[in-house]
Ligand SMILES: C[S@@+](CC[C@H](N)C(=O)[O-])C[C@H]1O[C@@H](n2cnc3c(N)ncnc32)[C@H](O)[C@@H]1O
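For reference, the chain that follows is the form predicted on its own, supplied as structure tokens.
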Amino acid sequence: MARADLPPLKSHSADFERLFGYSVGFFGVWVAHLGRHMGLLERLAGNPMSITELVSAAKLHPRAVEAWCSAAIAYGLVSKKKGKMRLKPRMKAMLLDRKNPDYLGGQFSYLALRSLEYGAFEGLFKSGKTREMSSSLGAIEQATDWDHYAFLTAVRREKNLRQLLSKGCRLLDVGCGTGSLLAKMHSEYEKSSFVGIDPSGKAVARARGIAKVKPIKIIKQAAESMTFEDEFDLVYLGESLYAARDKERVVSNCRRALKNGGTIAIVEGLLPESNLQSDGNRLIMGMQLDFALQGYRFMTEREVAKLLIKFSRVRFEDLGGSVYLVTAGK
């Protein structure tokens, strides 16, 4: 039978197109991550280059760079004109500019790095075995960069917090990780003093490396065991409360650490209670699997409000992508 005699292919259903898009998106995540991690996107943001020039400038294997370039063009991450590739300003903002509200590069890198450990899902489903994140601290840093700048932007909008930090106050970062938020905070609010605690020895070691050149105190300690009392004007928990084994105790310790009139600020991804299939909510619903593998789970707005029952003026602000800033006063 000749090709012309074949019946026309039926158009695919909307469900097929959606599911097919998920597989395309998976490779898009890796194309974006590799472009960032190997410095290819950054080089193309500076000057348009041919593939040969990019290989020479990056000092990478030609075959790998050629394959990446083809994929990056196909996915629309870079454009090509007259043999030269370039990264358009809008793509630069989304993939490289950590301060931009549309920044997605860190999220892509987090997903790519985390996927290296997803072979452990079989153990989770068969026996409930969980696995702490071990791929690298870089995955966490990539994911939380957006949170940090979203929080800093919210602080600039919030008059009381902005004035408090500008005049000089004491801030405690509970679950400070590698100290990257504290470094950002110190650069913007030099009159304030900062303390960070984290139970991870590896994270604390990196945070202390940052603190060597900044007046930031880093302590290796779990939030459940901290004993600060009436010492801080602001206590911050950024994507750390969900990981606490005893959330009530952590919140109680944070309240004790605050001075009267002090503020607790929590940045967390919160589970939606409706409209589960919107893009932002679909992401966090999917990430529940990632959290389940680590032995954690997202909370709902109602659960966080219950934890803050002894605080006053509890306020939820949607920062986008199902991430919320929750503030409350002592």
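The first residue of the sequence shown is number 1, and the count goes up from there. Owing to the predicted nature of the structure, the values given are computational and were not obtained by experimental measurement.
Although it is not shown, the form predicted in complex with the ligand is what the next lines describe.
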Exercise for the section: Assess the spot marked by D198, A222 and G238: is the ligand within 4.5 Å of a heavy atom from every one of these residues in the predicted bound form? Expected result: yes
Fill in the blank from the handout: Partner contact check in the predicted bound form: of 123-131, 96-104, 159-167, 175-183, the stretch with a heavy atom within 4.5 Å of the ligand is 175-183
Handout entry: Heavy atom within 4.5 Å of the ligand in the predicted bound form - the one residue of Y189, F228, Y242, Y149 that qualifies
Key = Y242
Handout entry: Single option in I140, L113, A154, I210 placed near the ligand in the predicted bound form, where near means a heavy atom within 4.5 Å
Key = I140
Handout entry: the ligand contact at N253 in the predicted bound form, heavy atom, 4.5 Å
Key = no
Problem - Close approach of T144 to the ligand in the predicted bound form, 4.5 Å, heavy atom - result: yes
